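One chain comes next, on its own, written as structure tokens: the form predicted on its own.
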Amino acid sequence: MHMLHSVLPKPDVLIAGAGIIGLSLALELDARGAKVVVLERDTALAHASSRAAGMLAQNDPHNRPELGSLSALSIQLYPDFLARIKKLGDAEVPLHTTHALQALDDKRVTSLDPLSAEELRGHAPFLAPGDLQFGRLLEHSLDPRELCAALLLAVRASGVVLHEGTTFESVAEREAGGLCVKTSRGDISPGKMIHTQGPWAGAPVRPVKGQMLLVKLPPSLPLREVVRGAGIYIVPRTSGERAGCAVIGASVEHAGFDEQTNAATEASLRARAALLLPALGDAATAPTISTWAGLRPGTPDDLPLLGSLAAEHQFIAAGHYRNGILLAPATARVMADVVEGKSPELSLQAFAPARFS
């Protein structure tokens, strides 16, 4: 059996889970001089991270207010985060949009003023006609597939040791200090461990399935902004191999770890999208290119778990639900501080793991 401890006998930090949160945190700790090993039961970034829509939706009116400070910090950190990825892996991650149009069709949306008819004509002449009003938000989006590919190149070029196809099995304290972690490929003895397994992190984190589809935009729909309404979003890709397409999502299904797609859900998503952008209702002129489903890591209050666990030398950063892409840089910053025994620059009280104990 190949033993992990033959590669790196006593890393400072072991991270279980190589999604966007785990690998972003690994890069942050590596930059601070820590020896970091990451375990991934499957393939790195193969699940929710690369299957998201990619909205950096700091000001989404549907976000829990407790996410405000963490979201703002993440948006502030994003330019340096992408610059670090490019410097390490030599891969650019482009931003595809700069604004979002939010349909004011939900009573929870109270912070946006409706655009005037003139503004609507200037920004999006292809929006649904009628009484539906829209507000405009400054909000970028990126393609998570491009981000994940670049992030993986950066990790492989860094000092982080990544072991894919390696399952975390158990962890216990060592009498001599530190931890003894059993994996499917042998034991490893880190000083500290962080759980970033997404929906596989265990209760109270749970999988929340989201089905999505990619459609080809017709020439009549030159979409350059995200368009969002109650229970639906359309996110265009404006460059790269998926330029001229848009992601439509997403369902919210409590279906365990089922990742199957179905035609009924696809039809429902397309119909809801057509209420905002009528051209998307015709599958002949806006054909479906692909469909997929991802498992978001949800929690009972839709807020992440960030902080120390009751077990000594163990931490968790999981449960980011629909905001993993948005919150990755800030999560890496504040959790690296926590792991190092420092006070993070913002309060994590709302995200304390012990709140569900």
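Position 1 is the first residue in the sequence shown; the rest follow in order. Because the structure is a prediction, the values reported are computed rather than measured.
Below, we turn to the form predicted in complex with a small molecule, even though it does not appear here.
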Only one of 306-314, 29-37, 323-331, 66-74 sits within 4.5 Å of the small molecule in the model of the complex by heavy atom distance, namely 323-331
Proximity of D42 to the small molecule in the model of the complex, heavy atoms at 4.5 Å | yes
Would S49 show up as a contact with the small molecule in the model of the complex if we use heavy atoms at 4.5 Å?
-> yes
- prompt: Can you check whether F126 is within 4.5 Å of the small molecule in the model of the complex, heavy atom basis?
  reply: no
Quiz item: Heavy atoms within 4.5 Å of the small molecule in the model of the complex: does F134 have any?
Solution: no
Interface check vs the small molecule in the model of the complex: of A273, A100, V93, M212, the one with a heavy atom inside 4.5 Å is M212
